[in-house]
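What follows is one chain in structure tokens, specifically the form predicted alone.
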């Protein structure tokens, strides 16, 4: 089975004219189905740019980026539903004027047009239960839920299309520590159930340790260290990793 993410020697420049700068340089990352790679680094290190390439929002200037076995081309339609994202602020996933259930099933309109509305609502209800909510939450509006509940709903929305690859970009950083731990355990449980691969981008080392099977450390657009969470966080080899652990 193909890796869900295969970035090889990826480089990219952003900006124009004198403001144009190299953001990623020779970045190689691979994620297998069912595996989570944690990507850490200080602000401006390039980790969010790497996530945008993984989602097909940016094209590399050099190297290759293959997702779910095929490269992103001019259109992202062929990857629709296979690749999803959970962002830092769950309210970004929802229209405040729409009920949660309508927002959660919305991606199915792109990938599974043959599924009737009743079947979509049943899938939504089942996912809400899986993420620790109730089917009745589908009838509520985003402001009627707590931050942790909204993030659980955002995860349900990301999983409604049964994706092969999910990017979690600072997905728990807006939550308090107790809720973070519950959401992280939920993500791991859902990954065991659904088998998706994941890129977990965060500045929170404790969250990355819980969420990840492997960790990659990014500095100034380059990967400087990779390994198992215990190896990287407990026995870092690179000086930057050691400084990062001391400051974060």
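In this text, all values refer to a predicted model and were calculated from it rather than measured experimentally. Positions refer to the first chain, counted from 1.
Missing here is the form predicted together with a small molecule; even so, the following discussion is about that form.
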Just to confirm the contact call: exactly one of 208-216, 44-52, 59-67, 186-194 touches the small molecule in the model of the complex at a 4.5 Å heavy atom cutoff, so which is it?
44-52
Just give me the single entry in 228, 14, 239, 9 that has a non-hydrogen atom within 4.5 angstroms of the small molecule in the model of the complex.
14
Are any of the heavy atoms in residue 18 no more than 4.5 Å from a heavy atom of the small molecule in the model of the complex?
no
With a cut-off of 4.5 Å between heavy atoms, is residue 232 one of the residues that contacts the small molecule in the model of the complex?
no
